[in-house]
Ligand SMILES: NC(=O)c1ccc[n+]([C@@H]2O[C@H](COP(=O)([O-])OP(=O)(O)OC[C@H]3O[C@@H](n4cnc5c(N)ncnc54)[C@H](OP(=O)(O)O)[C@@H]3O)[C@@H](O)[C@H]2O)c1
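Below you'll find only one chain, the form predicted alone, shown as structure tokens.
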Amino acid sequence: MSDTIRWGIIGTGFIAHQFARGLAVLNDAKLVAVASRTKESADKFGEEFGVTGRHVGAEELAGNENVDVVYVATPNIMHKGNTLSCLNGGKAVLCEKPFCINASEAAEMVESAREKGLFLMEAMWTLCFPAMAKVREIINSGAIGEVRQVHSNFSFRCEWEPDGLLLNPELGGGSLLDVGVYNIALAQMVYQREPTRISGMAHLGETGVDEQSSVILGYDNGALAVLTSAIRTESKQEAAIYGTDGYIKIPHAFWKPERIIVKTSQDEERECKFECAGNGYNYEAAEVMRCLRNGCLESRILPLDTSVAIMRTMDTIREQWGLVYPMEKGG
């Protein structure tokens, strides 16, 4: 691997723009290619970020010999296809969350990466922040004792756009896959295993997707995770991890954490602040590049089996609600 790792991006929407800005603060990263469904969109993105490689479609970008790794930033329903195209082209892949639509798709993506000996990671950027690394350190040290509860809420009110990404079932919309996945990823990070009991309730709105939901995950030792998500209800986006000897609170917005509040049996409540470089997307990019340089095929922060486990949990939750996406029917 060369000193500079060369990136390609598939997609030219909001998240693709954010990721490109995050890459810009990394001296050892260079954005060299972009792909979109239209040449006009790729050209516009390329002009904005000084990207010379401009492609139509994932397969065309995957054939670009100047690209080391690809960030997939397309709508949910395209994640699997775009990822497989890049893997088939011999490229490492960082795929935006949710990893895909369901666990079956996730398993197919992971199998392809492992068969080809290529790096693959879900872009759950939250887990890569310095603040979240500190959370893991505190939990693993035993400073708050045995963790018994995780509380997490990620809710916001989107505009009413029935055909948009968030509300359209044809695009894999709904609060669970858009923001509820952050809650489940946090619980998975804390407990390091899948729940043994799942109970959820949702409001399926006019378009048929979950506009808001509450989920309780139960674990084999009696621990719980109480999780709420919404795309049509505004709230504080906070999280808390409660142990037998203390707790960790992650204030608004926990999904891009810059500070945590810690209370242990030995200390009074204290705040830990973290200076964040860039816009935060640089942390997941840096983790990918660390893995590539070290010859790792997956990240220890978010292993591939963990991404599949998160999708399994969301599959079970949606099954309870009766929420089946159009592309899943009859398959």
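The first residue of the shown sequence is 1; numbering continues from there. Just so it is clear, the structure is predicted and the values come from calculations on it, not from any experiment.
We do not show the form predicted in complex with this ligand, though everything after this point is about it.
Contact with this ligand in the predicted complex, judged by any heavy atom within 4.5 Å, is made by just one of N153, S85, N76, Q212: N76.
L171 is the sole member of M132, L171, V110, I101 with a non-hydrogen atom within 4.5 Å of this ligand in the predicted complex. The closest non-hydrogen atom of I15 lies within 4.5 Å of this ligand in the predicted complex. Not displayed here, this ligand is approached by S41 to within 4.5 Å at the level of heavy atoms in the predicted complex.
This ligand in the predicted complex comes within 4.5 Å of a heavy atom belonging to R37. This ligand in the predicted complex comes within 4.5 Å of no heavy atom belonging to A240. Heavy atoms within 4.5 Å of this ligand in the predicted complex are found in one stretch of 114-122, 198-206, 229-237, 177-185, which is 177-185.
For the partner-free chain shown, E96, K97, P98 of 95-111 come within 4.5 angstroms of this ligand in the predicted complex, judged by any non-hydrogen atom.
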